[in-house]
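The chain below stands alone and is given in structure tokens; this is the form predicted alone.
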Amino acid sequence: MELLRRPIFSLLLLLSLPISFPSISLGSAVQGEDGHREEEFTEELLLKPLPDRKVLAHFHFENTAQRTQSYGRHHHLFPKAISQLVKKFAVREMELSFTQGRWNYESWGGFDPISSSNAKPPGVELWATFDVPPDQVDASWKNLTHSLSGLFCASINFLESSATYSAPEWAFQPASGNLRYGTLPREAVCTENLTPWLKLLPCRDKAGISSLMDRPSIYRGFYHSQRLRLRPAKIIADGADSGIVLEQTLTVVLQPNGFRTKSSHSSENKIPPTWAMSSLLGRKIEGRCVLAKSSNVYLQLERGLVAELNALKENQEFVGTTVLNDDLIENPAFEISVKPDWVLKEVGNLPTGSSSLMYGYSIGKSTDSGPFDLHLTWKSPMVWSCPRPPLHASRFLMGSGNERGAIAISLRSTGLNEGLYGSNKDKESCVLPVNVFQVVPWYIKVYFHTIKVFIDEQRKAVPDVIEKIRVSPSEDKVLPGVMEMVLKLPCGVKSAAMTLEFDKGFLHIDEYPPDANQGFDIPSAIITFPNVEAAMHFNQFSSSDKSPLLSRFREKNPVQSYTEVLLVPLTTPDFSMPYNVITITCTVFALYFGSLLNVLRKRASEEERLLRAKGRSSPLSRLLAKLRRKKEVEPQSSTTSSSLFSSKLVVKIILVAAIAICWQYFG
């Protein structure tokens, strides 16, 4: 009887553990013995209408963990696979992104925190810094690439070769020691990469904001980029205990389903399409993730859109019909289905003179009455523009043929530099610094001494424009070519261009990819404006004081943009010729050995028996011959058949030998 009570007592003890020890029960944060929170998880979603009638959806998940004694072995919220990578390979900072499509800096902006931090080049981009001695950085990088390749089901292990990664010193942000950077422009992005990324979340895609990540809705967008960022953080105010922050973001640009490509009225073409969160992403938010400390949804109005809405105050058409408040919740341009819980307004020194608005929704409060679904209905035409970087960067190829060419980087003014440095643009001391970081594969032989610089379509001396430069020449099959430089451009510059000449190398036949005729990729160049910061400050309310997304907006990061990926055609052999040679050779050898084996396997006695069987008469024919008193014609002698057989054999052997000799001689 006592043995039967023990299992029941153990079961009751296990069920009472969450009640007795709240630190290990389900909750939004896990607290340690000293009362400080060891782990924390937040989820946020930002929706923003774009000027080209598209909608930006930015998912932001942040997971924080302290470096405790159990760090790397046991976690409640923080993914154990990531903590083990950090601990084993001594990773200090790391960023990994999977991107499909190219960010449109002219239509979607490039001067805000989202475009500067989450607009990534196509394919895979990975950089990491390590807390190891300099002679162990390369080994840690190779081990990290293999681990990430298996974790995210991607070809990141191709970055282990020294010919595919580089070591920037100061032109790439963050510029710190023991940094390695690599890209795979042609890496395809699919659900096999998104599923492991979602498994790192505490609720995965089963509850909360992450449940909106419907695969067909995400991958039919014009642009999507999933990003994973690891960085150190100070959990306690005095900085006694340092921790690590895992930041997961997914940026998607979607087209509303109600978009009308044609309209009978020209004024209706300027009316943005009406959209809902369920129509964009295919789902509604049923409830918050119970493990999340906060779960918020934001609707952001760009500075240009707010300026257009404020201009409606002076329009006589709407006087007396609608009163425009400072929060612009009720306006004649659009209508929101759900009233926001709070409204945030951008503050600070704004370059364009207008501020952005942020409508905030708490998922815990909104889902009490049912699933949360935000509708935005446009009622009047609206035209605005997003803030762009000071200079729009683009890159293209020059020249023709498969022998040599040139790379050109073009910088065109967007007008923002005049607003930032308008009062000092006539002074000689006013300079706009621009950092350029570019990596070229080893088979592109760049001649760095052929740099030519043009300012406002006039050629300038290189020392007058390039303040600082670092060049690492490529080495065949060992190292890529790396160029880092700082350009000092006048504040009132209208256009700037830089060209580099190169020769195209030759590859071994084993080094060509399966689609060699498509061309070879040159990774995107990175253009950074170190003196121009992409930061946004909003007046804080109690519900948004500790919002990780708004905290990232307040960080003073330099404006950064990526150029296009260049496609360079190289001299490619005709891969059909080896196929034809292999096919003909195999055919001739099959005929040769087939005939030879056929001749060698046949026996003379069996051949003679077959000939006698053919020449022998049937019993009926012999009976008729006796009745007619005629002698049956005897079959031919064996000597005749054997001589015939031997002659055929000799002819076959001579014919096969002649074919073999001709093939060896003429082939």
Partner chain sequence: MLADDMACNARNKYPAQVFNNENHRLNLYGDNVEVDYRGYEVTVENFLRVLTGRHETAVPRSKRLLSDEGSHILLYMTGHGGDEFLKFQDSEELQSHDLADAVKQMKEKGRFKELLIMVDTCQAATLFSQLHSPGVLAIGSSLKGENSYSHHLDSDVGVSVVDRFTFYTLAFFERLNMYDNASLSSLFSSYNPSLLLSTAYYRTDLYPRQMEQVPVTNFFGSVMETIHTDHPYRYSKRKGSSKGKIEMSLDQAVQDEKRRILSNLGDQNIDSDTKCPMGSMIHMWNSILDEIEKFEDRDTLVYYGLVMMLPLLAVSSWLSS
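Since this is a predicted model, take the numbers as computed values, not measurements. Positions refer to the first chain, counted from 1.
This next part talks about the form predicted together with its partner chain, which is not shown.
Asker: Tell me, yes or no, whether His375 is in contact with its partner chain in the predicted complex, where a contact means a heavy atom of each within 4.5 Å.
Answerer: Because no heavy atom of His375 falls inside 4.5 Å of its partner chain in the predicted complex, the answer is no.
Asker: Although its partner chain is absent from this view, report whether Asp476 comes within 4.5 Å of it in the predicted complex, heavy atoms only.
Answerer: Residue-level check for Asp476: no, no contact with its partner chain.
Asker: Would Leu254 sit within 4.5 Å of its partner chain in the predicted complex, counting heavy atoms only?
Answerer: Contact check for Leu254: no, nothing within 4.5 Å of its partner chain in the predicted complex.
Asker: Can you tell me whether Tyr219 touches its partner chain? I mean in the predicted complex, with a 4.5 angstroms heavy atom cut-off.
Answerer: Yes, Tyr219 sits close enough to its partner chain in the predicted complex that at least one of its heavy atoms falls within 4.5 Å.
Asker: Spot the stretch among 434-442, 464-472, 338-346, 507-515 with residues whose non-hydrogen atoms come within 4.5 Å of its partner chain in the predicted complex.
Answerer: Among the candidates, contact is made by 507-515.
Asker: Taking its partner chain in the predicted complex as the reference, which of Lys556, His449, Lys379, Lys199 has a non-hydrogen atom within 4.5 Å?
Answerer: Contact residue from the list: Lys199.
Asker: Identify which of Glu192, Glu330, Asp135, Asp503 has a heavy atom within 4.5 Å of its partner chain in the predicted complex; exactly one of them does.
Answerer: Of Glu192, Glu330, Asp135, Asp503, the residue with a heavy atom within 4.5 Å of its partner chain in the predicted complex is Glu192.
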